[in-house]
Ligand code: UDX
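Below sits a lone chain in structure tokens, taken as the form predicted alone.
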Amino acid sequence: MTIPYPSTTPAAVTPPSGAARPRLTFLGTGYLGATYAICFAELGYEVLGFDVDEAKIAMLSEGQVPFHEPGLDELLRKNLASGKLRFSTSYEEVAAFGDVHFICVGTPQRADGMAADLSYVESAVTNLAPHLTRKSLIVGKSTVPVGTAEWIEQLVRRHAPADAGVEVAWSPEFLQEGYAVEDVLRPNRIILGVKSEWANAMLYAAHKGVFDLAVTEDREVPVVVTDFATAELVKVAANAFLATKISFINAMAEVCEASGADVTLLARAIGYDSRIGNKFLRAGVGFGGGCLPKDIRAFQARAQELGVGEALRFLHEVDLINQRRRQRVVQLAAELLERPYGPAGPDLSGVRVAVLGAAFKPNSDDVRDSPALSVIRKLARSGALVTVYDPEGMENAKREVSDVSYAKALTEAVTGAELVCVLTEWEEFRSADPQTLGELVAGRRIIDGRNCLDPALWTAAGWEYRGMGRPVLS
């Protein structure tokens, strides 16, 4: 099998370190950097992970992943034991060790606007560059505004030794939380933004483990070699498209609620059209996490700076639709509990509400910009006595929202509740027995914020069921 690659596979290149394979470093060991570091060690590379957070580095060095990602803990311990993987807080050690340095730090939304905060990127580059005494490649993986790679080149020219010959490239990541190990080992595409044949060859060598695995499994890994700007735009354009698709079906949910139609059947029907497809067409409380919300805002901000803000004006409405769906859960709560809903919202004082889910998606403990946490806050502000349960996200949720109760189990959360809200589609919630739970609650009322339950099954068990964009069953 031939792996698709533009023109011909680059000629073999000798890593500047003299190692048989390029030695890889990953600067930033949050979700992105730690996952890549661990998985590339699994592919056989010598890897050094770096972070300024000493506590995080200590945890990783002891074999503990500081976040939840299925399968990653085992790979971490395996590759620490093999000696392929190490972690450090020393820029000097990173520079001396690595041939290819991947920048994996966060690019959060700035506190003073929608633009991305690139201070962590700048810090990583300017602190690493002075210690680079031989030729090496700095590769951006973080999601950034278009034009960042050119800026990093300028930083490298100012801070790296002139005779080191340090080059820059860009290769965006496409990790899905809950499936990240698979996404690294078996990516559905690899994007290489380069300016030289040497950079192209080094990046190819740095991904050869991925290509070799694909050959053994008879898979294809499409590779797109492109310029810096296109490589930077791929990730933000993909996220903007996904966010738009999610908000589109949620806009249709609003129309369905007003007209009595069923958005789940609507999504199924239009999803059969191959031009549309059925993925990301599940209506609910909307998208969240550390990527989509801040990325579409940063994309709009960058478009404004480039003088083409009008081209992305639609993303503002995408964001507004996403926010409206969170408030819709509170409206449904008021309807089910027969409480008046005024300009300031409903008065849910004293009502016991069980919220199932805190993470922004299942198989993750990530609560950044989580729709579930947003709804929890809104319910609490309305006076409800909220009890939360999530299989993995409890500790992170407690740090974000401290004025609600947390249960250790699903049954504990729903006991005595007058309303249950499912806000993260964990399998534990999807497969819950409505009859069993019905014997624990004070009132059989449920809001399915992810349209992940069977309405007929819950209604047959005596529950008042409300979905997002679904008709009321009697």
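One rule holds for the numbers: they count along the sequence shown, beginning at 1. This is a predicted model, so every value here is computed, not measured.
There is also a form predicted in complex with this ligand; it is not shown, and the following applies to it.
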Could you tell me which one of L242, I276, V146, L315 places a heavy atom within 4.5 Å of this ligand in the predicted complex?
L242
The listed residue (D365, E173, E232, E257) that reaches within 4.5 Å of this ligand in the predicted complex by any heavy atom is E173
Note: this ligand not shown here; in the predicted complex, the stretch from 152-160, 174-182, 114-122, 207-215 having heavy atoms within 4.5 Å of it is 174-182
Are any of the heavy atoms in G288 no more than 4.5 Å from a heavy atom of this ligand in the predicted complex?
yes
Heavy atom to heavy atom, is K141 within 4.5 Å of this ligand in the predicted complex?
no
Taking heavy atoms and a 4.5 Å cut-off, does I190 contact this ligand in the predicted complex?
no
Verify the contact flag for F102: yes if a non-hydrogen atom of it lies within 4.5 Å of a non-hydrogen atom of this ligand in the predicted complex, no if not.
no
Report yes if all three of R339, R377 and V386 come within 4.5 Å of this ligand in the predicted complex by some heavy atom, otherwise no.
no
Within 243-278, which residues have a heavy atom closer than or equal to 4.5 Å from this ligand in the predicted complex?
I246
